[in-house]
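Okay, here we've got a single chain as structure tokens, the form predicted alone, with questions on binding and movement later.
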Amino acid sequence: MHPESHEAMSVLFGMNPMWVSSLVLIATYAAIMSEKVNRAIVSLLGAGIMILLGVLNQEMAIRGVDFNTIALLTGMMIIVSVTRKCGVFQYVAIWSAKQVKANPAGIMLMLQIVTAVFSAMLDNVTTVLLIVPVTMVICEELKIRPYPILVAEIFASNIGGTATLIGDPPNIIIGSATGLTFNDFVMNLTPVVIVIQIVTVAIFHVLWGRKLSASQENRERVMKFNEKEAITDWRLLKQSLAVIFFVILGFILARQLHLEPGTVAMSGAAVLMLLANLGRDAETQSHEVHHTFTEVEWITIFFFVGLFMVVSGVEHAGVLKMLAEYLVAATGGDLAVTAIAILWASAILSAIIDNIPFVATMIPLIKNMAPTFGGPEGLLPLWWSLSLGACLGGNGTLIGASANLTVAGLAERAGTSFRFVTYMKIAFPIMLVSIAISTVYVWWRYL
């Protein structure tokens, strides 16, 4: 929380900012869940109400927006939009499908593995932006419903993202606040992530995979495809792959280069648009750039802008801090109890609110517990519990993580609807299974 926030807050009619901000947050989430009004409108309206009621002023609201996340999302959406034109995603789609003889259950398995591995190396939002168009192409050709495969991919992206420092925003925040390195995350989190991914793949196979079927005719048609014919522009393909390579390198070396992932993504987007438009006249360039910008998921972008402001209001009012302190007090200073409590609380809360502000609020509180647990070294189990809870908990609802909303946005644009409650009924119990496995792991390895 910013020190000036208390001075800046003069809530209308002298009402309690904690109550006001909590009610606005609850009303915003209730409206999102009802799906009567578009989620971008709801979140922006919630942000406006926070400011009008005096919980935030405009400056504080804007400071509450995580522009690194916004820039990262927008930049990668632009890169994907330009890259899509050369046909590389169709190439990957056809190649993937042919590896498993166009069997829908095999395709579901393969795309989950690809998504999880990519999410560990890229951030998970970028991964779903690359994988979802591929999935849509395959499902269209096989005449199967894409929804089950897309839900499995959401889980794979958030689980895979948990494995590394750069895979998920909460890990980036924890790493920079504690000095934990890329290797620390790999050594401590990757083993349990592999187990959770295997269990999740099995659950999705039993739930949906084994029931997916495509006619022999549709499967044969996919097998007859020549993936090389899918590439329509070899020059753009080379340019796109070169830019994507340097963007990924930028993500990996971001700390050494003192760059934020948002800067890397936006710079990559600008370079790729420049390369794709070199040698064209001004009118053609305007048309191409306009077309590229129309393919950005603006509903998702503005939903995040509003949501960051709403959560910032709750944070400024001290609600998140109060919840975190209550959690610490309730565990009575026992390391094992505190670690497990942080794991479960992070998971449940990250499913309901964005995990980024929650993690940011928890970090100073956990650091203050160092004397209780024998110095910074003693806090390691708590950091891993926070990471596992916040990253995996995001799977629980459609608004729990950026990747979920990105998939939902892309799917809805292609005509596959994602309903909040329908998703939650399936996702929340599976998320709890992953947290149960994490509990056993944290207990066994650290406690």
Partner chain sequence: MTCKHVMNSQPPVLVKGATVADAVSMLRRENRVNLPVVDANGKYLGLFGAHQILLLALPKGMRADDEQHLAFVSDSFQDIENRLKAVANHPVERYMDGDFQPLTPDTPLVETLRVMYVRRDDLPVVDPATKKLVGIVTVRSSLGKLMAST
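Numbering follows the first chain given and starts at 1. Just so it is clear, the model here is predicted, and its values are computed rather than measured.
Although it is not shown, the form predicted in complex with its partner chain is what the next lines describe.
TODO: Let me know the one among 230, 352, 370, 360 whose heavy atoms come within 4.5 Å of its partner chain in the predicted complex, would you?
DONE: Of 230, 352, 370, 360, the residue with a heavy atom within 4.5 Å of its partner chain in the predicted complex is 230.
- [ ] Could you spot which one of 33, 27, 380, 414 gets a heavy atom to within 4.5 Å of its partner chain in the predicted complex?
- [x] None of the others qualify; the residue that does is 414.
Open item on the list: When its partner chain is placed as it is in the predicted complex, are 84, 94 and 221 each within 4.5 Å of it, taking any non-hydrogen atom of the residue?
Closed with: Per the other structure, all of 84, 94 and 221 touch its partner chain.
Task: Contact test in the predicted complex: residue 216 vs its partner chain, heavy atoms, 4.5 Å - done: No, residue 216 is distant from the partner.
Open item on the list: Please determine whether residue 90 contacts its partner chain in the predicted complex, using a 4.5 Å cut-off between heavy atoms.
Closed with: Yes, residue 90 is a contact residue.
Task: Any non-hydrogen atom of residue 226 within 4.5 angstroms of its partner chain in the predicted complex - done: Yes, residue 226 is a contact residue.
Open item on the list: At 4.5 Å between heavy atoms, is residue 398 in contact with its partner chain in the predicted complex?
Closed with: So residue 398 does not count as contacting its partner chain.
Open item on the list: I need the one stretch from 130-138, 108-116, 343-351, 316-324 whose residues put non-hydrogen atoms within 4.5 angstroms of its partner chain in the predicted complex.
Closed with: Every other range fails; the passing one is 130-138.
TODO: Relative to what we see here, could you say if residue 291 and residue 150 have their Cα atoms closer or farther apart in the predicted complex, with a change of 3 Å or more?
DONE: The answer is farther, because the C-alphas of residue 291 and residue 150 separate from each other in the predicted complex by 3 Å or more.
TODO: Using the form shown as baseline, tell whether residue 294 and residue 411 are closer or farther in Cα-Cα distance in the predicted complex, where the change reaches 3 Å or more.
DONE: Relative to the displayed form, residue 294 and residue 411 move farther apart in the predicted complex - a change of at least 3 Å between their C-alphas.
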